[in-house]
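Encoded as structure tokens, the following chain is the form predicted on its own, with no partner shown.
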């Protein structure tokens, strides 16, 4: 019996020795592993100090991108370190963002992702090396210098900046757009918007509503039609226009300058529509009469726009986006606090116009 008790005591002691030995081995192994994990930060603790720290750096998973050789760990310094600086290192965790048909040039340059992102961390979200708008403008200058006296597009200058319209990596649209130009524009312009240019506060109408009208201005009907008349970033002209156009309903008329004033319209339309002497092909808005056996054509575009004390803007009669009446004619327009009504009836050889400020008038073409 005493022998049995003694054997049991020996068995228990051996078991305890084994358990403590094993526990000690596990503790030492974990300590070694922990020591390996923090070995990089002993010299490179600054890589974890940013406001936004990249996950591998935060977890000490430095070997995801770096391959230290023994000499680096033994002697320190910049030597003995292999670093994968290509996008393939990023794609171990991140999806390939360069799969679109149009790829950002930065992703085709040496360094790829790290052109814009700090792989360890940054004071800026998404680990950007600089604030977003500043970063884009390192390579791009989207807003013309003269736009300071003209107009700037708000999405370019707000916090989200370029990312309002562009994908920074790749896209199946031209210019890295996130969708088609028209879809992008109507993403904001599907409602009335209040804007401010300098001291002037202006209300921009619901453009989508205009484009749903029965008669749409031809450029505006195209998928990239907005860009025909508007610069998407900024312009030396008001309302982001791409060329000169009167800012108000009336302008100082002068026959030698009218064509320059309406440079925007004459990007597509023929300048001859404002000439005094016209042919039948120059404009359909004319009243023809016969005098001494000769057809005399009175240019009604010139009559309304130029042959007045103050030149009239095209916008008085025409809406540049869309309208319910033919020839994108407005149904009303604003004159100070009064809104005259305009009713137009199209005829095979001309038309008739009724405005609340004058009696009905008609015009007729003879050929």
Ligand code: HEC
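Rigid core here is just the name for the largest C-alpha set that superposes within 1.5 Å across the two forms. Positions refer to the first chain, counted from 1. Predicted, not measured: the structure shown is a model, and the values here were computed from it.
Another form exists, predicted together with the ligand; not displayed. Remarks below refer to it.
The closest heavy atom approach of residue 68 to the ligand in the predicted bound form falls within 4.5 Å. For the chain shown alone, residue 109 is a contact residue for the ligand in the predicted bound form, at least one non-hydrogen atom being within 4.5 angstroms. Although the partner is absent here, residue 332 sits far enough away that none of its heavy atoms falls within 4.5 Å of the ligand in the predicted bound form. Contact annotation: residue 151 falls within 4.5 Å of the ligand in the predicted bound form, judged by heavy atom distances.
Within 4.5 Å of the ligand in the predicted bound form, a heavy atom is found for none of 260, 298 and 362. Contacts with the ligand in the predicted bound form, taken as any heavy atom within 4.5 Å, map within 169-194 to 169, 175, 176, 177, 181, 182, 184, 185, 186, 188, 189, 193. Superposed on the core, the two forms differ at residue 48: its CA moves 2 Å or more between the shown form and the other one. A displacement of 2 angstroms or greater separates the C-alpha positions of residue 58 between the shown form and the other one, with the rigid core held in common.
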